[in-house]
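Listed next as structure tokens is one chain, alone, in the form predicted on its own.
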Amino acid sequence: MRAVGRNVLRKDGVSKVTGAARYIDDLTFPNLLYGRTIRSTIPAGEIAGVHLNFDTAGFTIVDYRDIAGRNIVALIEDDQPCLAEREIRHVAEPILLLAHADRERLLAADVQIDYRASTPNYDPAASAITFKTITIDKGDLDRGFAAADRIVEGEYRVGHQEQLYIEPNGVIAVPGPDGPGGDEGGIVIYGSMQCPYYVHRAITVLLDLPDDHVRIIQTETGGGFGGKEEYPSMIAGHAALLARKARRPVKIIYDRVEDMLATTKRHPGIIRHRTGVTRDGRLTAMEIDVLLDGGAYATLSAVVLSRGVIHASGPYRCDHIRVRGRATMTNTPPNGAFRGFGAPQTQFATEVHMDRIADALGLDPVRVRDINALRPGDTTATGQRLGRDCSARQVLREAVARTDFTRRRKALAGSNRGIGLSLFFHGSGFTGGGEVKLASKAALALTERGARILVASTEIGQGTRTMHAQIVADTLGVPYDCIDVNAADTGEVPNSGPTVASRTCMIVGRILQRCAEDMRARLGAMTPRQYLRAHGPLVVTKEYEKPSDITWDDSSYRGDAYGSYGWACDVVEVEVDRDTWQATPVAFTTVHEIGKAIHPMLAKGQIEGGSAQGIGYALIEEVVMRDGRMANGQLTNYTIPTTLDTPAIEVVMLENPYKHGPFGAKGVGEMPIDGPAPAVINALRHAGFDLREIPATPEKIMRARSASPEQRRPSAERESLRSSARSGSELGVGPQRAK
């Protein structure tokens, strides 16, 4: 029986349900020490002195002078120190490390830091340091605006968002004989992480060790959402420095407050739109400015900005587009990866702006989207020509039909409820030439029963092990239960790249599929057991191969930004309590086209989870920064959606296969968070609240109360709109005008 397309049992299901799965804080080693990080308490300035006001006997103490290699967290830019030497750029910047066998004595140790404070900057627009600037140009903007009947402008703001994975960051560093000849120079890191090879590179640079002296092993990981993409390199570096100096294993586990205070979050942003449109709603020009707050260091701001600007024009056809994007420095903790990776910020602005365009023209918001939605053969802002797997109009029409959107919108007019939608897309895999630069590898080892998967792709709750095993089983022609998955251990598996960017299925899954195809050809008519007895061990390794029809120029940002895109449409109804001004989603429908659902239940779970996170982003997840510090860094006052805050989520999955994906699959994990926030804000606009910033807290909703767009229109215009809707298709979409 085939595995792909079926809800097979998860590879990690039994161990997690029974409690047998061991997370990082479940592990211990002989002579273990506990580690602690001493952090800055000011947002900007210099270190003037460090005072140890405790008995240091039995303590291991590390500062920047104990670093054998380079004092950086190796990633993209070499600007972030592992331990501050003199300059302080943000609250909670690491300065000193302590370790002790007694956790209570460790926590009681009193360290005083003297500072020479300087004036911090919290305004990304006023920053003197720009981490990255990107420009996308298509067509002639002046010509596009000259063809417009109307120009609509708007500014949209998005705030921080905390990943809030269930399990905080944690690692154990074990020094020992892991180098050539069994010398004592090696180190092994166990940890909760998404990208073992990121950590591997960071440790080799920090400790000045050869690659084969460093081994990184991912333990069971309780969620990541991007928050464990780059940050584990920092905490692993701290544990490794302590372990090397103490010559004993060191465990560092953050509590929730430290995790929220010190680690990366979603980039806040200010996005401005200036759009030319004709009277019938056709886009003639799109000018977009994107400003992201990178925080104190660059981390992943460059790639977050890249994805953000590529998605900034939304899933819409327009001949004349200019997108300008920049990420700048502020004196707040660095921002980094979070599910969606820049696209939720920019597509929020685009989709709220589209509703405002429809309102300005007196047109139905569905009609405006349907006229402008990308079709096969159209080109995106980067000039990428879309293939048959472009499904923007299909998801839009399916969502409108399932929710009876047009009729429901009329029925709710003037009430305390509103209905809104968002149309969005998301590129699968790394941007542009990223996959080529990664040159990811995957391997498959033959076993007597079937095969063992060897990849660095991590299981963080999304079902990686299961999905990969399904692809390999069906390609190899063996039962799903005959496929094993090796731990993500850099000492045993090749570098298949980071577990990010909706690439684990489409990119790594396809490499594994090619491995399985090769292995099946070698087996011929033999069973795995027969082959092993006749020929000995067999390991097939393959490297990513760029499809010949993909071209990209990093310097001009022109060409095929991604191999393929997923497409989706969200429809949400929101009810506003006119006494408390609290907005509550009461109905949510999402239609996703993801190529092929390898495991339908897991794919649905990804969509439901991402949608819930998007609702939190829209309404309740507010990071309060005071003097450069997160003031609500605990679960008592940073709230995320519970089952009481989210309605039943109806998930509809369409399949439009991508020819280079395994069994036609695209990515699914990132896209679901792109659409809920604008759909919620558009529903609030329909209910009479003109908001252009998230989260839409009760205070903001109260300030934004006004007549709804429907109520603001003259009666004759409202009647004209109704007549137009009645004369349209059964979906409420009026006649379309050719491009």
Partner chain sequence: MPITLTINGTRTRITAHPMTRLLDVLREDCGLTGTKEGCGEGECGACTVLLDGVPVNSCLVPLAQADGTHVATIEGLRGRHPLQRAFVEHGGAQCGICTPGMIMAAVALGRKPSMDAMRVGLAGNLCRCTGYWAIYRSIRSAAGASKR
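Numbering follows the first chain given and starts at 1. Predicted model, so just to flag it, every value in this text is computed and none were measured.
What comes next is about the form predicted in complex with the partner chain, which does not appear here.
Interface membership of Pro647, defined by any non-hydrogen atom within 4.5 Å of the partner chain in the predicted bound form, is confirmed. Of the heavy atoms in Gln634, some are within 4.5 Å of the partner chain in the predicted bound form. Although the partner is absent here, Val91 is not a contact residue: none of its heavy atoms lies within 4.5 angstroms of the partner chain in the predicted bound form. Residue contact check for Thr458: none of its heavy atoms lie within 4.5 Å of the partner chain in the predicted bound form. Note on the partner interface in the predicted bound form: the residue among Phe348, Phe424, Phe338, Tyr565 having a heavy atom within 4.5 angstroms of the partner chain is Phe338. Scanning Gln163, Ser306, Thr589, Ser428 against the partner chain in the predicted bound form with a 4.5 Å heavy atom cut-off leaves one residue, Gln163. With the partner chain omitted here, the record of contacts in the predicted bound form names 608 to 616 of 112 to 120, 539 to 547, 608 to 616, 368 to 376, defined by a heavy atom within 4.5 Å. Within 4.5 angstroms of the partner chain in the predicted bound form, the stretch 223 to 248 places a non-hydrogen atom from each of Gly223, Phe225, taken in sequence order.
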